[in-house]
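Starting off, we have a lone chain in the form predicted alone, written out as structure tokens.
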């Protein structure tokens, strides 16, 4: 029996694994896909500027360093093991995966958004054409291309910045007249060669087998225009897929798990951290996830060991 089973190997899960080692809690990290979470499966080439100790580091490199530290400290990490069931009993908690069953005194859920799906526009041409993307796993598809980026949040701006150096021309459209992103990120876009067009929406993606043009509309004037484009990069958010979490009986608010300041859920011995959780004042940052993970481990430690000072 493990002291703690950690579900998820993104920044929150890896941090939880590291802190569990400092408390000498026996643990295993179970990851449904591959190590790194959103850092590797969503925007591996994105530059990160707000993680302490690095003025600029590429997302997949940060994930690699976190995983290397976790392993160096003795963390056991198992990829390709999606937790499909969670039985909470009086004396133990039993996470189950297609590969086996685990027993633990406590569980820390660090699932992020689960096996999330990209949010789509639902416009003509969005489905079936080569050249429509929702993430930037590789910059090669955009090299020398005319790329239209869609969105106004941090992820949209960061993806536009990621591809602008290799794209022949990159244009970023947003339906509002201002971005919903960090000021530093906005400043980087303003200093880049990215052409920014506000109050503009994508209404149709045109082409036979691959993207050839797009139809845009100015939502203030109603003016429409057709623009030749080689690739479209849509970043308007993701839809969390937390079906398994809902089955486990966790208290949810919207698509997130409710926790208290100690990162405790409503289930005995089950703690949670990272993008999975919600509470008043919650912000979704890598540093936030790491802080929540250390709190979750400390709470699990007090729950398991019951030290005199707890």
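On a predicted model such as this, the values are computed, not experimentally measured, just so you know. Positions refer to the first chain, counted from 1.
What comes next is about the form predicted in complex with a small molecule, which is not displayed.
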Tell me, yes or no, whether residue 110 is in contact with the small molecule in the predicted complex, where a contact means a heavy atom of each within 4.5 Å. yes
The small molecule contact at residue 289 in the predicted complex, heavy atom, 4.5 Å: yes
Proximity of residue 48 to the small molecule in the predicted complex, heavy atoms at 4.5 Å: yes
Any non-hydrogen atom of residue 200 within 4.5 angstroms of the small molecule in the predicted complex: no
Counting only non-hydrogen atoms, the one stretch of 166-174, 204-212, 68-76, 111-119 within 4.5 angstroms of the small molecule in the predicted complex is 111-119
Judged by heavy atoms and a 4.5 Å cut-off, are 9, 31 and 155 together in contact with the small molecule in the predicted complex? yes
I need to confirm a contact call. Of 83, 161, 232, 181, which residue comes within 4.5 Å of the small molecule in the predicted complex, counting heavy atoms only? 83
